[in-house]
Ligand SMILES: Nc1ncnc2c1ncn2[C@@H]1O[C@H](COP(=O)(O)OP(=O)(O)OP(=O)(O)O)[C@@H](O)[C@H]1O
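A single chain, nothing else alongside it, follows as structure tokens in the form predicted on its own.
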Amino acid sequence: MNTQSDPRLLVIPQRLAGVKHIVPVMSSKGGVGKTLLSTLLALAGADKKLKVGLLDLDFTNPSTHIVLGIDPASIQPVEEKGVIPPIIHGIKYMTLAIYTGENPTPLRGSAINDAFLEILAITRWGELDYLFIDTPPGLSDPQLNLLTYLPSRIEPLVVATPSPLAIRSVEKLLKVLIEGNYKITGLVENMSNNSKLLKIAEKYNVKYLGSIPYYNNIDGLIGNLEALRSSQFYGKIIHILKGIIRA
């Protein structure tokens, strides 16, 4: 496909024109809690009466709906000159799972690029303060599409754990974002009690938004928003959101 002549590339900026901040939540490795973080940041924003949206760009394994405790098959978006995202718990929400349910979606290459362009071209976000985007780990097609097609709009939020493997890889991700002159929202250290990544943030002049300790009961709360809101984890999320808003 010749993306230079793809009409969707002209539509996407219009769809996002009313969004003040586009924050893709990115990680260099999997298993760092990125989906939980992006979903709960959106929820915390809605709780604070901000206009927020949540977009799940993990096309092959969308899972934000699991955190929200909803069955995507039950969601019926309104189609009117595009798709108006349904409001879930105060969040304008869009995910490919609305159309695929729990069926596997093994996509690669041009198919992922096409899904990316389609979901951004059809979704009418309207006015938003923040659009949080859950991305798959690493620098694969969805992230590269964001960096390529929306370079002046995105404000990446980087998530990592303090493990030696994660530290090495998060530095590589930060280098890519810095060399590309992207506006980085900040760095969040998850599953940590020692703020080991503070030095990494200082090294690359990136705002350190805080650390979240490892809570061994958090998996049992996923899908139960009342329990999540009452958790210490959610308290940390609110603290991080305040740092983002002040950024």
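Sequential numbering from 1, following the sequence displayed. These figures come from a predicted structure and were not determined experimentally.
A second form of this protein, the form predicted in complex with the named molecule, is not displayed here; the remarks below concern that form.
Shown alone here, residue 86 lies farther than 4.5 Å from the named molecule in the predicted complex, counting heavy atoms only. A residue is said to contact a partner when one of its heavy atoms sits within 4.5 Å of a partner heavy atom; residue 190 meets this definition for the named molecule in the predicted complex. In the predicted complex, the named molecule lies farther than 4.5 Å from every heavy atom of residue 179. Mapping the unseen interface onto this chain, residue 33 counts among the residues with a heavy atom inside 4.5 Å of the named molecule in the predicted complex. Judged by heavy atoms within 4.5 Å of the named molecule in the predicted complex, the contact stretch among the candidates 179-187, 47-55, 194-202, 217-225 is 217-225. When the named molecule is considered in the predicted complex, only one residue from 90, 77, 137, 162 comes within 4.5 Å through any heavy atom, namely 137. Scanning 212, 41, 68, 209 against the named molecule in the predicted complex with a 4.5 Å heavy atom cut-off leaves one residue, 212.
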